[in-house]
Each structure stands twice: as C-alpha cells, then as structure tokens.
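Only one chain is included here, represented as structure tokens and corresponding to the form predicted alone.
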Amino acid sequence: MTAAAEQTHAQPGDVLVDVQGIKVHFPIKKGVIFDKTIGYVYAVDGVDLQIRRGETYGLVGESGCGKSTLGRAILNLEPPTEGKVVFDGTDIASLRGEELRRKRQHMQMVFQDPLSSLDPRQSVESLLLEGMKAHGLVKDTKAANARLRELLKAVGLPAASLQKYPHEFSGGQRQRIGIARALAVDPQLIVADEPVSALDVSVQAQVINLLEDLQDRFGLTYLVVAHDLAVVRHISDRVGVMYLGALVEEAAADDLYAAPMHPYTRALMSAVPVPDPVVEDRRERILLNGDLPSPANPPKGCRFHTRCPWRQPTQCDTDRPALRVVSIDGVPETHRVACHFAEGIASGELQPHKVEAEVVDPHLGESDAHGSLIGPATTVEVTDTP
C-alpha cells in the first residue's frame, strides 16, 4: 500500500469520489424512417462505491460487465442515466458545458489502447500542451517547456521525445505519453482503463511501477479498470468485482484475495494460476458454463443465479441482493458481498451443485410495448427453472 493510501485510511471520512446509485442505460432503437426505442442495454445498473483520496480502487470483471462504462460515467464522458457522482463535493453528473470542462482539469483518463488515444498528426509536445492550454496552465513558452520536460522525466522518457509523433514509439512508450498527458493538468483523480492490457508482460510491470511511483510523488487517486487479477492485486488498495452492470463484492485487496465470498469472485480467483505445481494440482477449480447473459435482458433477482453453483430455489431468482456486510467471524466490515447466502456458502452449510446448460430460443423474451428487447441468444445455464 502506498504512503498516500496509508494516510487516506487514517482519515476514513476523506472521500474524493462518492458514486450513488449510478445507472447507464443505452437505448435500443428500431425503425426505417422514425426511430423507436424498443429496449435498453443495462450497461451499469445501480452501483454505489466510494474512492478515498490517495488510494487505488481496482475494478475487475469479465468482458461486457460494464466496468469501463462505469469508469467513463464517473468522469461524465458517458452521461449517467440516473444517479450521482460526487467528486470533491460536487455532483459531476449534473454539470454541463463550461462548468464540466473546468472540473475536468481535476479528473483525467488513461485509455486502454495507447495508439488510438493519441492523435497521430500531433507531436508529443502538441499533445501535452493541448490540455494545459485548454485549462489556462500555460503562462509563457519558457515555463511551458520546463513543464513538458518535467512531465517526460516523470514518466521516464527523454526530452527529445517532444518532437516525435506517436507512431515512432513502442506500445509501452506510448502509454507513458498517455500518462504524461493525463498528468499535464495536475489532476486529483486518474481513471486508468485497462492501462496495461495491450502491452507485453515485461512492459506491463514497468507501467504499473510507474503508476505507483507517480501516485506517491503527486498524491494521485486511481480507479484502475482491469480484467487481469494479478495486476489488480499488485496495484490496488481496495477491489470491487463487477458482474453484469453491478458490484457483487467489495473489499480490501488482501481480504478479497485471501477469502473471496461471492460465488462469482470465487470462480474468478480459482482461474488465477498458482506458480506452485503441487498447489495448482490440488486446489479447487470452479468452472462456469456458458456465456454472460445479455445486458439487454438481464436475469431477474440475483444476476448471477443462472450460472451459480450455489443457487437456491428461494430468493436467488426473485430478489436482487444488496451489497452488504456479511455476518462472518473474522470478516471485516469493509468486506461487502451481494449474495443472499454468503454466510451459508462460507460455512460449508451450502454445497455447490451441477449447473446444466440449455440452448434458449433466440426470440424468447422479445419486447412488447412495455418490455425490453430480447434475452441472450447464446447458451445460458439453468438448473431447476420450470
């Protein structure tokens, strides 16, 4: 844990980002002449989380769960359908126009693909100066040049890089330029969307270490969106696990990896390879059959119940569980789980059962005037559903 994060945990009330019931729904339209909304994709559907000043919050989940959309919604790059994003005392979701532009100086993003996120027609100098000029941070040429050299030194690039263009750099170097661009306007929060997924393993370690060093140096707060559990464990102070648009578990990184409580988190952790052949052969593996259900027609009740080996005939398919503190000895209050039967699963009272896969009619669940579009047109899992 970084020094800044340790200071943050000493001040639990110092919350920089407070996300309250955030939803992002994308309309599904149909029509030749007149578009008619016939349903919605529920990319993010009711998320509450807090990010404390100076800490790193890791957001993990499989592709399509809505984690990148949540990161963009926090910055209002994707306007929320509903809910609040309170950043340093201001509701970002309610800002528009010039007010939002001024606030964005304090919130920056590092994108997944370092090449496509950089304008190939602009030199590195132009890329870094653009944000500084937009927020009135360039006073004179001499001061600007000194600032640019300082930024490049901070991310480990030579001053000669200023006159080059993005295509002249490697993937790791381009990601460093993206980080320097985010730092150029002195932000408080950086949302890093899969910052190392497009890089080689050796370069990934360099970029992760760079992010940690910059956090200590500049007192930054990170929201790191990733699907690589090893990366998240290394860099994060707290971790949130997303499934189909909602958080299913949240805890300190060490607590989550030591004792995952939600069935989905258990399945994710069981997929992480262990560098010990004896342990790897003996440990439990939880295999999930089928694909993620369609976010256009998510399951009712617990959204994981169609794939859950611990599914129960009551509550799971009717009541959506809230993210709550579980009543288990030794589990801290900071560990929250969205599962009706977390205590029974942890104690061994409930045992996993086989989940059968069944091909569903692709037209099943088509919307009428009041419904949503269609459910998943792929293989989904059912157990004892009539």
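Note that the structure is predicted; figures quoted are calculated from it, not measured. Position 1 is the first residue in the sequence shown; the rest follow in order.
What follows is about the form predicted together with a small molecule, which we do not show.
Participant: Decide yes or no: are S197, V224 and D228 jointly within 4.5 Å of the small molecule in the model of the complex, with each residue judged by its heavy atoms?
Facilitator: Zero of three within 4.5 Å in the model of the complex.
Participant: Evaluate S63 for contact with the small molecule in the model of the complex, applying a 4.5 angstroms cut-off between non-hydrogen atoms, and reply yes or no.
Facilitator: Within the cut-off, so yes.
Participant: Under a 4.5 Å heavy atom criterion, is A43 part of the interface with the small molecule in the model of the complex?
Facilitator: A43: contacts the small molecule in the model of the complex.
Participant: Answer for G172 alone: is it within 4.5 Å of the small molecule in the model of the complex, judged on heavy atom distances?
Facilitator: Close contact is absent here: in the model of the complex, G172 is far from the small molecule, nothing within 4.5 Å, heavy atoms only.
Participant: Does the 4.5 Å heavy atom contact test between P295 and the small molecule in the model of the complex come out positive?
Facilitator: Flag for P295 set to yes.
Participant: Which single stretch, out of 47-55, 325-333, 63-71, 29-37, brings residue heavy atoms within 4.5 Å of the small molecule in the model of the complex?
Facilitator: The contacting stretch here is 63-71.
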